[in-house]
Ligand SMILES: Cc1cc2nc3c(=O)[nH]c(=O)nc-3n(C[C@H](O)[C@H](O)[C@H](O)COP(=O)(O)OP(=O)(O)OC[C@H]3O[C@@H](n4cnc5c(N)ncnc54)[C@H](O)[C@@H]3O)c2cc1C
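What follows is one chain in structure tokens, specifically the form predicted alone.
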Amino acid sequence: MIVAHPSLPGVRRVFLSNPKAQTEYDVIVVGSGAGGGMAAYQLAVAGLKVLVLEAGRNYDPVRETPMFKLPREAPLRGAGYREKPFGFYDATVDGGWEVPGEPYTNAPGTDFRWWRARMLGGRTNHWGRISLRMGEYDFKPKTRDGLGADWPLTYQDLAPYYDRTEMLIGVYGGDDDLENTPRSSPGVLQPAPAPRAVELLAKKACGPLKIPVIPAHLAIMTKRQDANTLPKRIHPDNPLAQRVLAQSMRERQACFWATPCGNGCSIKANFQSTTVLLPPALATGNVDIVPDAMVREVTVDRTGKATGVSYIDKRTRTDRHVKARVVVLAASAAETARILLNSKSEQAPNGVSNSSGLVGKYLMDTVGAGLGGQIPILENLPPHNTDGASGMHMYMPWWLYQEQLAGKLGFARGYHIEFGGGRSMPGNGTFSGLETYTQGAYGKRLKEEARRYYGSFMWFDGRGEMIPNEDSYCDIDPDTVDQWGIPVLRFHWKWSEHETRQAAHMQKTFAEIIEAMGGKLTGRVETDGSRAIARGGQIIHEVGTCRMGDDPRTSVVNQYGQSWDVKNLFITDGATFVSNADKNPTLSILALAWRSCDHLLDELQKRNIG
């Protein structure tokens, strides 16, 4: 099936039921989210013929986003439930922690949750848009404190790709340049929105506590992109890339501060692969996309060279195979490991690209813990404008690097703080727990009390670094297959004391901030971090499983995501992460994917692969 693209005049958006039999693809990209979308875009504008295989269904945010639906119009008034844990209008139209017919298992003693978005664009349709750069310390953590492993590249190696990625997708933020919190180059970021009242109140309280509160960095456009100049800065020597990117940028609008990003964005103001990367990739005429294609295996020839992939056509439940000169895996950290481990042959009995035995190892998530408070000074506020992004305008980066290095904290890595509150859109749960404050009020007095307390609550969430450990990994469950007959993943998971102590420190800090604001805690501060920390996989930042390195014996891929064992096989998702810094991973996945594609193109040009 070939359909016209609804928003790019004259451009046909190509979605196929099956790959074109007559087309000789240069590259197969498995996955269409951050890593897959970036790979498809970069390789297509370089002139390669690209086939994108997506396990989920087709999805068009322009037509399908419920932009102006209110919580009261949704089932359960927008509350989350098993099939839609983030509410009825969440942009994840197919997927979640449970996917019917596609189970995973947990080893005894493990309680890991695996989020999958079975839709075009993958997880980029559902994320917080928080776009923080990793800093110099984050690339060399073992050198700094002796734990985990170092990345085979430095911040300086990735900084130019951060700059270009931020310009490409549109990121707002400030120009603060703090310890291990680097600034972007001049002219790269869009202006940050003005702080809200609750954010300024928190900043005032954090001053005496010496906790920095600075503009957040989110992939949301506060103004339209300059389509006349940015494409030339981003792709200085590529007229095709300049043309399709300029056309795509002209289709994007600035945020009008009225609807939640979690529902998706039909005006393309925030970053989704489906609105920012795939449209210009398709506009080159070099990309075909096949949705509902569940990849189960990378195939290799007798020399160990990748020849293509086998996948299940989910609509017909038939097995298909497609060939290409290069294979790029970007199916998400765990799904990529699953594909490799299931790609067994005589040459690779433990799976493709697994001579090190490390595929599936060193799985990581983000450390998470939260706490809320009721702030009396925010009671009975008159109606006022709280418009803005559906995420933060300000945040708190980690600030105790020197104390931590001196061993004063009892845990090795830090966290940043995401926070908010005030008078946002009322929804299910807005007045949950109000009875604690109203002393049995009902009728007219209950309404008065609701007005008094509405907007007086604030929340604080920590997002911290997990150090990779040998007890956290995934392998193939020998006894379970999914509805497609593909063996499923089995998860093994264990937080170390570095993470649980960090979670306890988070809650202690949140309590100090709330009390400094004159507030009262709405929850309990746990001194036992194992009771405060979120479950593995709950933050949906899982990375690792195919770590990069500079030694084939201790890593799966090199610094460009290129397999040590199969030179024409690349990985561009979060699987290659060596550590999981407190910086949310999507921006780094995008920048690393771009860098991998440049190396892939160089390898093809030199005839080293393909």
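If you're wondering where the values come from, they're calculated on a predicted model, not measured in any experiment. Note that residue numbering follows the sequence shown and begins at 1.
Beyond what is shown, the protein has a form predicted in complex with the ligand; the following relates to that form.
Which of these stretches, 372-380, 228-236, 289-297, 422-430, has heavy atoms within 4.5 Å of the ligand in the predicted complex? Within 4.5 Å of the partner lies stretch 289-297.
Sole residue of Phe510, Trp127, Trp151, Trp398 within 4.5 Å of the ligand in the predicted complex, by heavy atom: Checked against the cut-off, the match is Trp127.
Just give me the single entry in Ile540, Ala412, Ile514, Met394 that has a non-hydrogen atom within 4.5 angstroms of the ligand in the predicted complex. It is Ile540.
4.5 Å heavy atom contact, Ser596 to the ligand in the predicted complex: No, Ser596 sits far enough from the ligand in the predicted complex that none of its heavy atoms falls within 4.5 Å.
In the predicted complex, Leu600 touching the ligand (heavy atom, 4.5 Å): The answer is no: Leu600 has no heavy atom within 4.5 Å of the ligand.
Would Ser332 show up as a contact with the ligand in the predicted complex if we use heavy atoms at 4.5 Å? Contact check for Ser332: yes, within 4.5 Å of the ligand in the predicted complex.
When the contact criterion is heavy atoms within 4.5 Å, does Leu489 count as touching the ligand in the predicted complex? Leu489: no, not in contact with the ligand in the predicted complex.
Which residues in 114-146 have a heavy atom within 4.5 Å of the ligand in the predicted complex? Read in sequence order, the residues that approach the ligand (within 4.5 Å, in the predicted complex) are Trp115, Ala117, Arg118, Met119, Gly121, Gly122, Arg123, Thr124, His126, Trp127, Gly128, Arg129, Ile130.
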